[in-house]
Structures are given as structure tokens and as C-alpha cells.
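Only one chain is given next, in C-alpha cells, and it is the form predicted alone.
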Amino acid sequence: MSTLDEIFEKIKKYNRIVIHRHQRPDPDAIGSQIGLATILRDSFPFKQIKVVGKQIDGLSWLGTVDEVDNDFYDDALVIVVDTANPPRVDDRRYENGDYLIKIDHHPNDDPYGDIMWVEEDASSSSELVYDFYEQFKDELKLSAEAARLLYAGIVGDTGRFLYPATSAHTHEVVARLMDTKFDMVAVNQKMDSMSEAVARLSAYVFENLQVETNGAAHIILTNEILEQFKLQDAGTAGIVSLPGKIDTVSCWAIFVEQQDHSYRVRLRSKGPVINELAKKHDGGGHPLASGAKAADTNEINDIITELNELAVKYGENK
């Protein structure tokens, strides 16, 4: 029996299913989570299927989470999507279910779950959810709403199909999702829009980004700076890709101060592999898109130095 067959057998067995995703979710985390829930609800209307996690206002157009009592987890199947390691799972009750399944496309450096389906070459977890549907489409239903959610997840994690993980299969999946006739233009316009505050922050980033001759770049966004734009950490998601638009930049780090004065580190690259650097600083992720943490300015400086070294080596090997 294949891994997908095992997962489907468990889905059919359990009448209670809870789907989790990672903290600080992006469109793929929510798209794959609620997209899978929508497919399962439409296919098995007699089952109780819930999605949990912190509600993110800026992504509420994708869907909302459910209120779930602790006792709902008794004899429940738990599925965690798009989450590489246990500490990042939103809502610690994922451990309280009867059986645990992991569905993810990040490197499987921290295995967990009774069943793990991890495809590192997939563009997104939303693409994997579609592949799961395709495998059992004789028994599953894909509505326009489910397609909308999965499409948003794919667009988000491929950077509108700019990132290397985008494959011919990714485009095939999108074409099949479009067959459901969801409003693709509305999704694209929503994902391409930004608030005035984020637009002003974007201008600040371009004006103050530190770009080295080796191709590495970085910017530090303190709480004081974010307050000037009336933004918090969540509001910085829209500026993460901006440094990559500069033709001389090959990799970059965005340091965002947290309330405890530590820093969230968003690492991105157009060539140098950065996930090993992230792992050294309490993080991880994809080779070209990772996250880490910096306890203080000393660790910020360490990360900047290491990023510069990666950029130099990449330039020497091109």
C-alpha cells in the first residue's frame, strides 16, 4: 500500500478530523489547510472536519478557522500541512489526536507523525493536496472554492511562478484547477494588492536596503521603524520579495524586531543555498527561502557575515 493509500484509508476511517498548519501562516499554509478541509467536507458530508490555528486578518479572505473543544481530539485524526517541524505547528493540541499525518513539501529534517508524506520537489503543499485529490478523484470532490484556495497557495509559494520549484506539473495542476471556473482574476488581484502602509514601507526598504558588491543585501526593521508605518511583524510579509527585484542582489535577509527585542529573520535567495545558514540560527526551510531567529544585534551581525560569505562563494562558482 502506498503512502497516499494509507492516508486515504485513515481519512475514511475517522469521523473526526482536525487539520493544522504552521504558525504565522502564508497563503500556502492556509490554502492547503482549508483547501483540503473543503475537499473532505464536500466528499464526506457526514464527517466532522475542523481547521484550527490563529486567525490572520490579512488572510481572512481565504477562509476562517474553527473553534474546537479539547474533547474533539478524542479519537480524532490530525493532519498537519505545510509544517516542517513540530515547534512550528500552530495549536499544540495537534499531539492530542488518535493518529497524526504530516503532509509537507519542506525538507524533512525533523520527522514527526504516524504517516509522513513529504515531497521536497513540489512547489507547495497546495500542489500536494491537489495531487492527493487527483489520486482519488473517483471518490473525492473538487469544488471551485477548493480550487480557489489551492490556487492561492500555489501562487503564494511560487512567487507567482517565479521560483525554481515551479515545474511543468505545477502549471498542469493550475490548468486543472482553472477548469472549475473559480475567479482566478479576483485571486490574483487580491494577492497583488497592498495597503498604503505596506506601500510606504516598500519605499523605505528600497531606500534603506544595504546592498553589498558581492550580491548580499539586508535591512533591519526595528519596532520603532514599524511603528512609523503603523505596522507589526505580520505586515512585513508583503516586502519580503522586494530586494530580489534588484538585479545585482543574489540573496538577502530581512530582520524584523519582535516584542521581546529578538529578531525574526526572513532569508531569500536567487542562487546561494541559504537553508543551512538558517538551521544554524534556530530556523530552516527551503534552499532559496528560509526563516531564522536572531537573539540580538550580535547574532544579526553573524548572520550578515555568513550571508556575505555565501554570496561570495556563489559569485566565484558562477
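Just so it is clear, the model here is predicted, and its values are computed rather than measured. Position 1 is the first residue in the sequence shown; the rest follow in order.
One more form of this protein should be noted, the form predicted in complex with ligand AMP, which is absent from this view; the next part is about it.
A.B. asks: Would you mind picking out the stretch of 33 to 41, 283 to 291, 49 to 57, 65 to 73 that comes within 4.5 angstroms of ligand AMP in the predicted bound form, counting non-hydrogen atoms?
C.D. replies: Single hit among the candidates: 283 to 291.
A.B. asks: Give a yes/no on whether T170 approaches ligand AMP to within 4.5 Å in the predicted bound form, heavy atoms considered.
C.D. replies: Taking the distances in the predicted bound form, the answer for T170 is no, it never comes within 4.5 Å of ligand AMP.
A.B. asks: With heavy atoms only and a cut-off of 4.5 Å, decide whether N85 touches ligand AMP in the predicted bound form.
C.D. replies: Yes - in the predicted bound form, heavy atoms of N85 and ligand AMP come within 4.5 Å of each other.
A.B. asks: Does any heavy atom of R148 come within 4.5 Å of a heavy atom of ligand AMP in the predicted bound form?
C.D. replies: No, R148 sits far enough from ligand AMP in the predicted bound form that none of its heavy atoms falls within 4.5 Å.
A.B. asks: Heavy atom to heavy atom, is H218 within 4.5 Å of ligand AMP in the predicted bound form?
C.D. replies: Result no; H218 lies far from ligand AMP in the predicted bound form.
A.B. asks: If you look in the predicted bound form, which residues in 253 to 281 sit within 4.5 Å of ligand AMP (heavy atoms)?
C.D. replies: Contacts from 253 to 281: R264, R266, R268.
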